[in-house]
Every structure is written in structure tokens, then in C-alpha cells.
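As a starting point, one isolated chain is supplied in C-alpha cells, in the form predicted on its own.
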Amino acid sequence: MISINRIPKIIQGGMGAGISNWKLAKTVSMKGGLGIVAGTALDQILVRRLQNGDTDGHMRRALEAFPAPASARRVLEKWFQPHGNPNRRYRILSKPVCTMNDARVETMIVAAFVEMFLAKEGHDNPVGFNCLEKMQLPLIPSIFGAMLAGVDCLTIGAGFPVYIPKVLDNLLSMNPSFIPLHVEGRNIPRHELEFDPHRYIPDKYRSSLLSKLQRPLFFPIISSPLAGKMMLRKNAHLVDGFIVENHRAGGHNAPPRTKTSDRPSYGKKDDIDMGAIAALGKPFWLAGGYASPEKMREALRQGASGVQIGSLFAYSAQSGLDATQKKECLDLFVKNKIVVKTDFAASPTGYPFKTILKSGTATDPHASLTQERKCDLGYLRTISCDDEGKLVYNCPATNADSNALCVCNGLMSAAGLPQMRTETREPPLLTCGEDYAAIAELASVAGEYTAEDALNFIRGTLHKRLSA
């Protein structure tokens, strides 16, 4: 296991589907921060990159390094299109379900390995992997794939991942893991998800892999001291630290603690007691509005080991955000014309979600009217039981009367991998934290800025470099 002393003061957030990609994570880690690979929908991202022709060869190079060559070969043969995909009408993987066939799970493992392998390639600095606990079906195969590539740190939010330390123990010894499945409803019998590494790693490779696997540090993402106490109650010696995220951060946020019947909003109850966080006795990094030298110093004064920064990196040159959307948003940031809204209905998860209100995106009323409501990726579906006890999958975004957006397809489009519908392309869904002053400042000074610029800005050394 990597020493926690090697985790830097600045952690880059694991954002979206393909935004915190391997290029961003690698750059941040090589420049002295902790780069984080986003684990969301990596299987769909890999197969779309392969269908686009993998023109730079990175996907195929990483596939060649996968420790079970037959698995990588099957993925390549099924999805690689040497001449590309000019119409952008992608073939897609089947939606994740509780009883997936081996080929479907294999693709999840391989895709996570590919992204982590590329992020770690060519340097020895630590790299992390981020997952959403709410997205349970790909969770364990993705973590296993990242571990095969040598991931150093695991961050998990959007849920309560109390079972993860035991999962890491089992994966480390290549034993089966069982996790409780979230099934909605009352008096529902317990359902479990099983993952057995032996099904995906042949015997002849297992012994050599066992000697190489390392346990990543585990940092749950929490928004209150109570959540930290609950995690430590069962896993005191297996939780290595916390990411403490407030509701100003982009993407999904924890729900407000004040219950209202009409219009939910955040208030004083949602302020985080830093003294209680420090009293947990674990290292912690603060997230949500800390992208400046002053806020970094404030975090350190409050006992934090550092900060996690998301949005500033999301709009840097190395992120996976669609180039056109990035350029247009940077212009809006500089002109102070960006509009960020906390939408309490947009995400099918039920969690609040920060959206950028922008024409031509999923938040544009005209764009939403022209899009068909089709759940063909299925990562954020809820699971319930019918009268016969059979599991039923549902996405609120498919309901025409719902205000929920198709987050899965919107995030894929934001990463420059939009699905082509009958007449239109799937519109992107963009997000940003409430505090975007650093983005505006960097963009006004340097135009398109790099991840290294973002690191230096937070450290307070950027202007010295630019004036040198």
C-alpha cells in the first residue's frame, strides 16, 4: 500500500464521464498533484474511442498491457473500427443489470484498466480512481480493473460505501466479493451483487498478479462529520482519509439537510463543522470552493491536509470536456455570463446536480423538446421489485412528465462522444461548481490554460511564472 504521506496537498476531482480522463490525471500527478481518473461509464467510453478508430493508438497500447490477453483481444475484436465512425452512430454495450454475462463484466474490467494504465504510464507518482456508490452495478468490476493497473487511491461519493474496505481485502486476494444491492421499497428481501475475479483472470496469470496487486488508500467522500463517524464505526483502521465536500462543488451534491415541502434549498444546517471533521482523527481534504491560494491556506489552518479541486481542472486543456463546449464556456466565464444552477430534479439519482444553463445543451428547453427520452445506457436507473419479486429497472428521465434529464447520455456528449439520434446529436450536459472565479481569472490571463497552470494558480506561483 502507498504511504498516505505521498498524497499531495492538491487533489484533482474525479469528474463526470471522461472529463477526468487519463490525460488530465496523468498531467496532474506528474506535476505534483494527485490526479484522479473518473470511473463513470469507462466501458462505454472505451468502446466509443475504439469505434472512432483510436487514431493515436493509446487504447490499443493499453489493451496490449492487460494481464489476461484474451480478454483484451475480445474487446478489441468486437469494438475496434480501423476506419473510424464518421456518422457517430455508435454501437453501444448492453445496459448494466444485476446478472450480467461474463463478456459484459469483462469489458468493465478492461476499460478501467486501460484508463488507469494510461494515467500511470511513464511516471511513479500516485494516481487515484473515483467512483459513485450510487452506481453499484459497475462498481466492483471497475475497481478491480483499476487495481490491476496499480491504482494508488480510491475515492467514492454519492452514497455510503461502508462495504468497500472488505471488498478491497477480497480483491487483493482475488476472492469473491458480495455487496448489498440498493433496492427501493418496503419489506424487500436482501439482494446481493457478487463479483468473482477468478471468472476473469485465468489460473496461469493469477499467481503473478497476486504478488503485484496493492491495496489502494481509501478516501470516502463525505459532507458531514456524522457520515465520517458512521464510516469509521466499522472501518476505523481501513479508512485512510476523507474528502469533505460541501454543496458548492459541481456535479452531484448531497441533499439539503433542511426538509422542505416545496422548494428545497441549502442553509446553515448544511455548513460543515470543521472541528468535528478534524476530531475524526483522519487526514482530510476540503472540496467545494477552494480553488485559490487563500482558500488553500484557510483549509490548512482548519486542519486539512489539503484541498480537492474539480471545476478548475475540468476546464483545463487536458480534460476530456468537448473542445467546442470548453472554448465557449471559457468565453462566458471571462465575460461573467455563465449561469450555474443547483437543479434538484435534473438527476435520476435524486441527488441535486449543478447544471450550466447554456443554449444547445441539455438544459436548453428547445434542445430538450427535440430529444427522444430513451434510456439506452442505463447507469443511473433505480431498482425495485414487482409483485412477483422480480427486479425492475427504471430511469425517471424516460418519463415525459418528469423534469429529470438524461444524465448518462448528456455526460457522454459533454466528453465529446455524443450519440447520433434520428436527426440530432445528443446534447451535452455541463456542470460547474458555484465558485468559478479562478476559471475566469485563468482564462482571462492565459486563454486556454493547462492543468499545470491550474496547479500553480492554487499554489500561488502562476503569476510569477507568467511574468518571468
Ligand SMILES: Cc1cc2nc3c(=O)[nH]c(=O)nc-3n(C[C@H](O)[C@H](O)[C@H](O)COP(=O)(O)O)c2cc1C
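Residue numbers here begin at 1 and follow the sequence given. This structure is a prediction, so every number in the text was calculated from the model and none was measured.
What comes next is about the form predicted together with the ligand, which is not displayed.
For the candidate spot formed by 348, 396 and 409, no residue has a non-hydrogen atom within 4.5 angstroms of the ligand in the predicted complex.
Scanning 145, 128, 220, 310 against the ligand in the predicted complex with a 4.5 Å heavy atom cut-off leaves one residue, 310.
Looking at 110-118, 171-179, 250-258, 268-276, the stretch with residues near the ligand in the predicted complex, meaning non-hydrogen atoms within 4.5 angstroms, turns out to be 250-258. The closest heavy atom approach of residue 15 to the ligand in the predicted complex falls within 4.5 Å. Put simply, residue 240 is far from the ligand in the predicted complex: not one heavy atom of it is within 4.5 Å. Using a 4.5 angstroms limit between non-hydrogen atoms, residue 167 is distant from the ligand in the predicted complex. Not displayed here, the ligand is kept clear of residue 138 by more than 4.5 Å at the level of heavy atoms in the predicted complex.
Taking the ligand as it sits in the predicted complex, the stretch 35-61 comes within 4.5 angstroms of it through a non-hydrogen atom at just one residue, 40.
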